[in-house]
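Only one chain is given next, in structure tokens, and it is the form predicted alone.
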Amino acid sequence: MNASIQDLPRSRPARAPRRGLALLAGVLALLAPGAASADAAADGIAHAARQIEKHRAKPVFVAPGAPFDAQKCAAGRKMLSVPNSSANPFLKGIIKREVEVGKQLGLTVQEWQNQGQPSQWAQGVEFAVRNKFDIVNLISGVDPKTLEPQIRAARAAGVKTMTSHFYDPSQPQNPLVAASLPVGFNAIGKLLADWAILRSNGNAQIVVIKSSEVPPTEPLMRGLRDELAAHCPKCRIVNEVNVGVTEWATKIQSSLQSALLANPGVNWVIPIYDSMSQFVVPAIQITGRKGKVKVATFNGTPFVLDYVRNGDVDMNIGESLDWIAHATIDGYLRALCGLPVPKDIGVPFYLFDAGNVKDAGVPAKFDQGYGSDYVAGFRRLWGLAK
């Protein structure tokens, strides 16, 4: 008798192959996070390399505005430059160059010497009013918010208060300020992170030295943290050492020594303003970490470029102090004469490391290594070129 289909014995599932597939899927699931992590690390290093490469070419001058008669605007005018502290060599260098650039145009530039106290900044603004200055230049770290009564009095007297090298473009300027020339501090933070990512092969363990009271610190630190989070899964900021500007000489070295001793895995220190480096380098040497802990920083102050040449600092994001002086006076004169003010200070960043730092001079100088294109460029803009 023929059997019906229903009467035929049913075959059992092939359990062994299914178990094998399940095991394989489990292994792939275990391997996938590691593979993804490795890909993310490699992608982050490649991203950092691309960002670094953008700042290895010599800076090129881009006109910040239309040509104008700068000598006519400057004739008989006076500017008082108030740094956040006269002990800061970076700011001293800028003001020194402002004095020289001012002489070319007939603008008298004077520094207000101070030790970083807001009461001293206030006295500077009052001095400018009494002595009939035309411009008060609050430079890099002097917060207009702390001087509002004095700035109001200055404005009433016809003295324009301006800021340079202070705000990030993302930060609104104080409404009492007549003009501002921001700097891309957020971009600087990202570039510092990129250097540490690239040079550590994606494993930077970082101590940051910062001064939170200085308003540009916040966007710079945001850029640093965001870039590490987005492009370096193994990188981390181990410690953020906050030291007030007036305490750099007394607290940076001891605080960093403590941080390095407490965290033997640290391989990078980022002092976000390079004049801090004079206290960072001794701390690394005293703790026996020279060669194991590298330093990346920002500003391009000549003595720190000498540290790069000597191997004590790995990289410095440089800005030509002479270029900053030219750009500051250009922007302020435009404001003084009712012309449109540039949207930022317009000074390119240029990376100095062991491969190119000799271009800055031996010893390094304020305005070497960046080329001289900007000098001729400003002279043409100002009507000084023959």
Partner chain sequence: MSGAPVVRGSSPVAALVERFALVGAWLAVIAGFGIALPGSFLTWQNFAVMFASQAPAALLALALIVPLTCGDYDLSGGATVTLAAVILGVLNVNHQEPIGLALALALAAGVLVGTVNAFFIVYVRIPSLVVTLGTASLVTGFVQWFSDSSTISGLDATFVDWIITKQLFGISYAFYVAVLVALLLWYVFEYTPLGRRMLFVGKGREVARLNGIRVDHVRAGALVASSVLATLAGIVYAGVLGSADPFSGLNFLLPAFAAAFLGATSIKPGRFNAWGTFIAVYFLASGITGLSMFGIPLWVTSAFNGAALIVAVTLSQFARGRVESDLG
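Because the structure is predicted, anything quoted here is derived from the model rather than measured. Numbering follows the first chain given and starts at 1.
Another form exists, predicted together with its partner chain; not displayed. Remarks below refer to it.
Checking 120, 110, 246, 217 against its partner chain in the model of the complex, a heavy atom within 4.5 Å turns up for just one residue: 246. Put simply, of 131, 258, 201, 146 only one has a heavy atom within 4.5 Å of its partner chain in the model of the complex, and it is 258. The stretch in contact with its partner chain in the model of the complex, judged by heavy atoms within 4.5 Å, is 278-286, chosen from 223-231, 278-286, 168-176, 265-273.
The closest heavy atom approach of residue 306 to its partner chain in the model of the complex falls within 4.5 Å. Contact annotation: residue 184 falls outside 4.5 Å of its partner chain in the model of the complex, judged by heavy atom distances.
Although the partner is absent here, residue 116 is not a contact residue: none of its heavy atoms lies within 4.5 angstroms of its partner chain in the model of the complex. Within this chain, residue 242 lines the site of its partner chain in the model of the complex, having a heavy atom no more than 4.5 Å away.
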